[in-house]
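In the form predicted on its own, a lone chain appears below as structure tokens.
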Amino acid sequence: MDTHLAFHFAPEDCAAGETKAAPRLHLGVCGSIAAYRALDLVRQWQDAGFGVSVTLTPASMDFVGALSFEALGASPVYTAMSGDARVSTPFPHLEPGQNACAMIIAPASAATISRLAQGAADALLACQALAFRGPLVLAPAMNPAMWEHPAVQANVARLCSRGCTLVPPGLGRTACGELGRGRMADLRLVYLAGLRAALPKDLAGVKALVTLGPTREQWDGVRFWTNASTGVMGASLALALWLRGAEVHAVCGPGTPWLPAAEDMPDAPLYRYSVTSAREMFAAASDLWPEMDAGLFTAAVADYSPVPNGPEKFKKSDAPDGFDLHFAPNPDILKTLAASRRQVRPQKVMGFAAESGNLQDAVRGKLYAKQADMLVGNLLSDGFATSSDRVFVADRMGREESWPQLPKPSIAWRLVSWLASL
């Protein structure tokens, strides 16, 4: 798991804790060599604040045993419809639907997919899925020829038409040695799909623009002007918005964290636009902005760019005694787009400021100078290019708060809730 994307929700941050929904996921594991990867999913969802229960099919236990899941704290772990000493309920086929807020089958085999598509309740996992009224996520894993078979594709299409979320298998070499599409998807995708299925969609219908990361202003063929921003805060905000149901458009500078590609999540795409320079970021954001409902401008955009020397490498011999650079101003993306917001149903704007000192006064001043609805500030000494931060937040209604050192995903979750309340 990319640590930049590991959402470790405190109870008050997690929407499952903000509502009365049970903070538990139910994981079904089918027969596949990918079954061992399900152990990592259990740990990651637990780290995110969820309990996890598990059902193992008989075929899956040829690859991984119930004790492995129990050792990680998964509970209950089901292996049979009846006579299972591990569970006390007389209705193991109904219990997940009564207590879990989402169900994920990963890996999902062709046999289990067929059972669900046909409504066949001849196995425990199929019974549990058929009796589950909440969101169901499928992450198939099988031989590429099996995945491509028309019968399997028809079954998958039928389940998707009924509301199941599909995390398509990945392209690569499978355990049998064949190269094609069939291996279980990147674990980060399955992890995020499980979280998204479990969390309330309080931002459904919202279109949000997020700018993130540094910009890179080229000077010659090999040298450029940039900064140390990692884009972790922006990526955390993009995912927080997406997890809560928003349609997210992320304009990403160079070196920013992994985000799920739109084709990886066909049922709920997250759109990424990769740019390099400040002017490229401005152009991409400007094109998107008229259709957006909110803009979260986290990118550490270079205020100035060096006047280019040309595409060739500048030689030391060309300036043995040193040389001077001239810098030209770049567009102020936050200020320009905030000033151009719609008059009818205007967009909400969140800005960010990294300061060397006098943080609160700087945030208050920039809040109004940039025409933002809220502004988030941090001291460079506290959290630039790190995975956690301390921030001071102010909005145009007069609300102000200082937050202690927190992981950036937790900060992002709280900021999204604040913006939604404005």
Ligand code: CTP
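Owing to the predicted nature of the structure, the values given are computational and were not obtained by experimental measurement. In case it trips you up, residue 1 is the first one in the sequence shown, and so on.
Note that the form predicted together with cytidine-5'-triphosphate (CTP) isn't included here; everything after this is about it.
From the list 96 to 104, 163 to 171, 245 to 253, 325 to 333, the contact stretch for cytidine-5'-triphosphate (CTP) in the predicted complex under a 4.5 Å heavy atom rule is 325 to 333. With the partner omitted here, the residue from 287, 303, 267, 280 that has a non-hydrogen atom within 4.5 angstroms of cytidine-5'-triphosphate (CTP) in the predicted complex is 303. Scanning 351, 231, 194, 260 against cytidine-5'-triphosphate (CTP) in the predicted complex with a 4.5 Å heavy atom cut-off leaves one residue, 351. In the predicted complex, at least one heavy atom of residue 299 sits within 4.5 Å of a heavy atom of cytidine-5'-triphosphate (CTP). Put simply, residue 355 is close to cytidine-5'-triphosphate (CTP) in the predicted complex: some heavy atom of it is within 4.5 Å. For residue 390, no non-hydrogen atom is located within 4.5 Å of cytidine-5'-triphosphate (CTP) in the predicted complex, even though that partner is not displayed.
None of the heavy atoms of residue 37 is located within 4.5 Å of cytidine-5'-triphosphate (CTP) in the predicted complex. With contact defined as any non-hydrogen atom lying within 4.5 angstroms of cytidine-5'-triphosphate (CTP) in the predicted complex, the contacting residues in 355 to 375 are 355, 366, 370, given in sequence order.
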